[in-house]
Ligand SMILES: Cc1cc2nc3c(=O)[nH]c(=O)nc-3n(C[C@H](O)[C@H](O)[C@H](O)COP(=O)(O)OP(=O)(O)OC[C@H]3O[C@@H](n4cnc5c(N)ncnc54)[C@H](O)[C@@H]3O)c2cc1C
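Okay, so here's just one chain, in structure tokens, the form predicted on its own.
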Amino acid sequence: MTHTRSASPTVLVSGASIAGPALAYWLDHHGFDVTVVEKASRIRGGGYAIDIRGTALGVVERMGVLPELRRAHVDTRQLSFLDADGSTIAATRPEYVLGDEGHDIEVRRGDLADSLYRLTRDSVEYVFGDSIAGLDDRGDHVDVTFQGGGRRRFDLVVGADGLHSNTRGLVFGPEEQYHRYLGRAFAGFTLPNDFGLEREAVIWNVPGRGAAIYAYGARETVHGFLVFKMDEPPFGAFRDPEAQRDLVAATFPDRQWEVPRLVAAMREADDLFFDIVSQIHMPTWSKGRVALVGDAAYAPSFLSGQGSSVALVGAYVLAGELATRADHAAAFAAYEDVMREFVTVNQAIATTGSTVVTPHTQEEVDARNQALRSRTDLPTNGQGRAAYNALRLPEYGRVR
């Protein structure tokens, strides 16, 4: 695509999942000239359900997509927790476990990504099938080299490219120094819905291991998950899908409930996604003319259920501060000042409430099960509600 540079400040955003297009929307809204580069050939659709809660609801409302997302709400109606032998401990509404107040939106990750893309595709330049190969911060601009061989100049660059951010690696160094492993690995995949599930999830646990299936519609494929405790990250399996399959299968020898079927489906799945459960903790989210947003800067992990919501809020704040302040360094500092506590309390959900879905020990299993049976408060409830709403959105308006 040929692109004519305008007189507006130019920003390159790396990543077109959730944080990237959201940031592109707000930057464009404030008068910036925005380019988004995405290594995939197109916006990735489908996928697991994500939640938009608390402060993030205000962001999508201001973007004008709240009605559209409410129509796409998948409305999970039941979570069933199973004991080791597959017997039901409790079946409950999701809000009891997640601590929401009935206002949350639950959508397929791809539906949110599609919404954000449609909102920005006519005013923002998207470059698919390419990625950043090199960044040279020259003080008054950034020279960017792309994997496809191109070179361009931008006023600012923002990495919105996820937990394993390429932008972060190029500018801030290896991931290991910012990575906080939460002691679990997981495998996600799809399989036929022969379970009779619709708008519900079923979760099976033994100490240190969990299996789950959930379905949107009765005629749609089921999402399967196998999550397990590991003291050290299985780095040797990251680049070897067969090693991943072997590791997961060996960790789940169980012959109870649907575990054997899930392991077999994992073996055959052509959409297996394997990773570790982890967070990103950084002392600063910017360096020179490069900044990070979303999981690239502060991934809270899927155990928090807040990755997309925190990313949406971060994109709104970063764009607003850049629009408000003439100096990018001051804007980056203000962005961190506004967001830091919100990020911290949402990351804490994963380490405090994770035993609800993935209890480590028999004591944790028993405590979780007793709370479910007696309908007493679960660890996430009060903390979750407070964290979801821990930031009041600043008013930026249309500044430029």
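Small disclaimer: the values here were computed from a predicted structure and weren't measured. Rigid core: the largest C-alpha set superposing within 1.5 Å between the two forms. In this text, residue numbers run from 1 along the sequence as written.
In what follows, reference is made to the form predicted together with the ligand, a form of this protein that is not presented.
Report yes if all three of 39, 109 and 161 come within 4.5 Å of the ligand in the model of the complex by some heavy atom, otherwise no. Judged in the model of the complex, 39, 109 and 161 all sit within 4.5 Å of the ligand.
Counting any non-hydrogen atom inside 4.5 Å, which residue from 181, 195, 238, 273 sits next to the ligand in the model of the complex? After the contact test, the surviving option is 273.
Identify which of 131, 324, 284, 80 has a heavy atom within 4.5 Å of the ligand in the model of the complex; exactly one of them does. Result of the distance check: 131.
Heavy atom of residue 320 within 4.5 Å of the ligand in the model of the complex: Outside the cut-off, so no.
Answer for residue 115 alone: is it within 4.5 Å of the ligand in the model of the complex, judged on heavy atom distances? Answer no; every heavy atom of residue 115 is more than 4.5 Å from the ligand in the model of the complex.
Answer with yes or no whether residue 311 is in contact with the ligand in the model of the complex, where contact means some heavy atom within 4.5 Å. Yes, contact at 4.5 Å.
Does the ligand come within 4.5 Å of any heavy atom of residue 70 in the model of the complex? Looking in the model of the complex, residue contacts with the ligand do not include residue 70, since no heavy atom lies within 4.5 Å.
Within 4.5 Å, heavy atoms only, one stretch in 87-95, 290-298, 72-80, 246-254 touches the ligand in the model of the complex. Which? In the other structure, the partner sits against 290-298.
Using the core for the fit, does the CA position of residue 198 change by 2 Å or more between this form and the one not shown? No; residue 198 is a residue whose C-alpha shifts by less than 2 Å between this form and the one not shown when the cores are overlaid.
Rigid core fitted, then: does residue 271 show a CA shift of 2 angstroms or greater between this form and the one not shown? Yes; residue 271 is a residue whose C-alpha shifts (by 2 Å or more) between this form and the one not shown when the cores are overlaid.
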